[in-house]
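Quick setup: one chain, the form predicted alone, written in structure tokens, and binding and motion questions come after.
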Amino acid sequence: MNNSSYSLNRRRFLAGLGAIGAGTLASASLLGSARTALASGMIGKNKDDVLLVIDVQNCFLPGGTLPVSDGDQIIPIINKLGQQFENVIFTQDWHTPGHASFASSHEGKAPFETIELDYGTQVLWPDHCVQGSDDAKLAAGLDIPHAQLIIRKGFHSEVDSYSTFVEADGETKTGLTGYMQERGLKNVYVCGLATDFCVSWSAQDARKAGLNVSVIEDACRAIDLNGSLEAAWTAMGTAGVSRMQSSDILTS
């Protein structure tokens, strides 16, 4: 796959790199909360904790239409984490045929070029994660049978979505925020694909929704092109997202 496309980040991502100082207090506060939870040895066992598994689908695994390098290696880690959590949510990229984000939907355009849509700059992708296709299925190796919800995103034909909370227009909601609020899920532990895109967008939007958010670094894989991973961690830190390892939970 030609990963040069991933340097064409959304404007929201680039904008998030500014004003790091503004998020310092929020980040420090959330880090303190994470340390308290680690010390208690109760992460995942509390009724307000949830493991959010982002887009671990055939599409993004080796051999898929938009593979993330070594994406399959996180599956055993995620399965172990799932055993620790009472509450687990999967997310799933779920595009209509002929989706506006597909290069094939725009005459004369090739994958990884960009166009301007109503909501801003859109990277054009190969057809991927089309509803009902094998490519869109959750990875067969995932083994968390007690997961309670699959939340789908990108199913509006004219709007793309990296975040699993709010689509690319910044207005269209997936319903995940309301679900978490009604269930009292306040502490979100994020893993999946890819760290510097769908994981990062989702983590930042979860913070905007007032949730406590930690990203489990070794249970994710990134594109990491031209500094995109470092930039994503900077943006997440500014938003108040904590960073941890699976061993922090599994040995707690």
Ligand code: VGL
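All of these numbers come straight from a predicted model, not from anything done at the bench. All residue numbers are counted from 1 along the displayed sequence. By rigid core we mean the largest C-alpha set that fits within 1.5 Å across both forms.
Omitted here: the form predicted in complex with the named molecule. The next part is about that form.
- In the predicted bound form, no residue of the candidate spot (Phe85, Ile216 and Ala219) has a heavy atom lying within 4.5 Å of the named molecule.
- Taking a 4.5 Å heavy atom cutoff to the named molecule in the predicted bound form, the contact residue among Leu61, Val50, Ile43, Leu193 is Leu193.
- Only one of 168 to 176, 135 to 143, 92 to 100, 76 to 84 lies within 4.5 Å of the named molecule in the predicted bound form by heavy atoms, and it is 92 to 100.
- In the predicted bound form, none of the heavy atoms of Phe155 sits within 4.5 Å of a heavy atom of the named molecule.
- Using a 4.5 angstroms threshold between heavy atoms, Ile223 counts as touching the named molecule in the predicted bound form.
- The closest heavy atom approach of Trp125 to the named molecule in the predicted bound form falls within 4.5 Å.
- Residue contact with the named molecule in the predicted bound form: Leu66 places a heavy atom within 4.5 Å of it.
- If you take 196 to 226 and check each residue for a heavy atom within 4.5 Å of the named molecule in the predicted bound form, you get Phe197, Cys198, Ile223, in sequence order.
- Annotation for Phe155: C-alpha shift under 2 angstroms between this form and the one not shown, rigid core superposed.
- In the core-superposed comparison between this form and the one not shown, Phe112 has its Cα shifted by at least 2 Å.
- Superposition of the core reveals a Cα shift of less than 2 Å for Glu217 between this form and the one not shown.
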